[in-house]
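The chain that follows stands alone, in the form predicted on its own, written as structure tokens.
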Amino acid sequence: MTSADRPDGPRTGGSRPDGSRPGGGRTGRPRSAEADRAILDATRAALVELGWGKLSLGDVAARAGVAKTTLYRRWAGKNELVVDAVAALFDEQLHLPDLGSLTADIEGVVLRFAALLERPETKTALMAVVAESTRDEALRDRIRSAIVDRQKRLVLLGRERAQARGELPRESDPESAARNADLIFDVIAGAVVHRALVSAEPVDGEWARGFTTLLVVGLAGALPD
């Protein structure tokens, strides 16, 4: 379905959670957090049951118990909806409690990330949107902003804690620090995703310890300046 096919006509831009547009002005009644949760839950369930190809906004609306127009007001299409469904899971499930050391913090987040990737709804949704994004630049941008950039907060938090403990040197150059944070995120996320989804090998305690040891030795030795 194209934007012109939707009952409320073409969508001209994303709305904020409170129902307002980025440029100002409201689009109607405030968004319901309960409805949003129901829609995102229904999206993940539909993906597991139907797969990407058969998933439709109409089916999601029926499962969530909302009108189709409720979805159309929030999302331009199923690409954006599925990305947000995945992003919500990441936001809910990935945390970085302070375990007292850089090693323990990294091991903990690696195992939580791997457990999240083992969930059928995460695996199905993530693989689908990544595959679809190879042909859709706008979708790649949405994945980057909704998932990747938001999850980099864990790297920033972990690095701040490690620097406060004296486990990592403080970086005086903000641009270098940002590049290093990107690199750390890419190494952790890339290794876990490849292990869990590409190689289909277990990310267990032994693997997490070995990976963490390798990473920590590299970080302590020399972060790029």
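Think of the rigid core as the biggest set of C-alphas that the two forms share within 1.5 Å after superposition. Start at 1 with the first residue shown and count on from there. None of the values given here were measured: they were computed from a predicted structure.
There is another form of the same protein, the form predicted together with a further copy of the same chain; it is not shown, and what comes next is about it.
**Request:** With heavy atoms only and a cut-off of 4.5 Å, decide whether V148 touches a further copy of the same chain in the predicted bound form.
**Result:** Close contact exists here: in the predicted bound form, V148 approaches a further copy of the same chain to within 4.5 Å, heavy atoms only.
**Item:** Exercise: A114 in contact with a further copy of the same chain in the predicted bound form, heavy atom 4.5 Å
**Value:** Answer no; every heavy atom of A114 is more than 4.5 Å from a further copy of the same chain in the predicted bound form.
**Proximity of R37 to a further copy of the same chain in the predicted bound form, heavy atoms at 4.5 Å** = No, no contact at 4.5 Å.
**Asked** Hey, in the predicted bound form, is L99 touching a further copy of the same chain, heavy atoms inside 4.5 Å?
**Response** No - in the predicted bound form, heavy atoms of L99 and a further copy of the same chain never come within 4.5 Å of each other.
**Asked** Want to guess which of 153 to 161, 166 to 174, 64 to 72, 49 to 57 is within 4.5 Å of a further copy of the same chain in the predicted bound form, heavy atoms only?
**Response** Correct option: 49 to 57.
**Message:** D182, L197 and L219 - do all three of these have some heavy atom no more than 4.5 Å from a further copy of the same chain in the predicted bound form?
**Reply:** Yes, the whole trio is in contact, each within 4.5 Å by some heavy atom.
**Core-superposed C-alpha of D136 shifting 2 Å or more between this form and the one not shown** = Moves: yes, 2 Å or greater.
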